[in-house]
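Next up: a single chain in structure tokens, the form predicted alone.
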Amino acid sequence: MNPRLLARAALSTALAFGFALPPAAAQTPIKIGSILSVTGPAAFLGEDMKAGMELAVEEINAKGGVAGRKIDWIFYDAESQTQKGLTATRRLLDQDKVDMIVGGGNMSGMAIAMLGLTEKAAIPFMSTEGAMDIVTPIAERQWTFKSTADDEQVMERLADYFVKKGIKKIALLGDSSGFGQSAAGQLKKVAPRRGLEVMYETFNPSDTDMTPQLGKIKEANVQAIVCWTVTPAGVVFLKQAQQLGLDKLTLVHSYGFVDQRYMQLAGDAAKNLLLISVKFPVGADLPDTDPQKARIAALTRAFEAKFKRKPNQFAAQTYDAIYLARAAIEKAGGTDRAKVRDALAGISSWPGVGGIFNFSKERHSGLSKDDLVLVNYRDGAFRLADYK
């Protein structure tokens, strides 16, 4: 007899005679859907982000799942295309009937497009992308959270550094994506209250020539240039800045550029570069008193054992995102959507590998500027440049 028919018959017999079902039969899996881009231009980040999720799901299921329920992880590749990300979102909602979505295509613009569907469906969405617009205004983002720092907090941390170094006149060179433009919007709020004079220039993520923008910046006699992109255009910026002699200024890249492959492509042009980052890439340089140090080391060991390569902060932020989903579902006592949302908003002092998470009903980003440091790239590795 067909094994499936035998199993079905056994189940029917157990129910008919009132026998208790074993826990595995009694508990349905928790369905978590994820959308990332592991092909196309954004694949640079997506590969590691997917690996971080995969490791987290594997660990949770190996330890018995979430309150005895295993995670059924459903993954789709958005191929760096927003429309494909939206198609995948609809499939997760309408066909797969997931309990929660974690991951917004590793592109801020895609995550913002996705939340139009997830908010309408009233389903918890944990974005792993950066732009602050993903979770603001809060009145329109009741079901959306994110496992990354807000651009406003990042700008405040950069302002701390600039003030300490006596830097008052800067340029922001941001790409035209949601990620770059969100950063510009937040700096326009932060700069006046921190005494910074800022000139703003923009470029397209696919640009291969930034000499027009850099020429204007050179004429403005700024003290620092901050570039905001997650694309290879950031390498173009570094090389052309060096050609124009601008590498003598303080050059800064965003946390979206903290990737060893970009540093290798930039070569000598990255020698004086600073990058703002979570602490993960420089865990070994942290003081022993920093609570992140041991957690970063533990994830690094587990990741290297599974994937035979070192993890980066993008793997860390998706790893945290899956564990935050688990924490919320456990706190909610199940997958009731409203209860899970409220549980996410109630998470405080939660120790992730990317930082200490504190959410609230008024703030759906968990990290603060205290979770951020300045790093540089020396001798083939990211090293701590400014801790506080």
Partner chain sequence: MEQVANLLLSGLSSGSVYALVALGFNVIFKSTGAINFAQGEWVMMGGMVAATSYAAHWPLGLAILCAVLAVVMVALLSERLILRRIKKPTALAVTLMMIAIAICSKSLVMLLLGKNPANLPGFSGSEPVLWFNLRIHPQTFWIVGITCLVMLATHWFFERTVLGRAMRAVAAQPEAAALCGIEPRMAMALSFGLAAGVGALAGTIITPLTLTSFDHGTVLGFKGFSAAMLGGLGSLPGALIGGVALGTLEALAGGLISSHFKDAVAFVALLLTLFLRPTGILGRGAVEKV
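Residue numbers count along the first chain shown, from 1. Here the structure is a predicted model, which is why all the values come from computation and not from measurement.
In what follows, reference is made to the form predicted in complex with its partner chain, a form of this protein that is not presented.
Within 4.5 Å of some heavy atom of its partner chain in the predicted bound form lies at least one heavy atom of E219. Shown alone here, E140 lies farther than 4.5 Å from its partner chain in the predicted bound form, counting heavy atoms only. Proximity of L244 to its partner chain in the predicted bound form: non-hydrogen atoms within 4.5 Å are present. Residue contact with its partner chain in the predicted bound form: D94 places no heavy atom within 4.5 Å of it. Residues G40, T208 and L265 are all found to lie within 4.5 Å of its partner chain in the predicted bound form, as judged by heavy atom distances. Contact with its partner chain in the predicted bound form, judged by any heavy atom within 4.5 Å, is made by just one of K293, K239, K306, K310: K239.
Screening Q223, T202, T87, N272 for any heavy atom within 4.5 Å of its partner chain in the predicted bound form leaves a single hit, T202.
You can rule out all but one of 120-128, 144-152, 257-265, 95-103: in the predicted bound form, only 257-265 has residues with a heavy atom within 4.5 Å of its partner chain.
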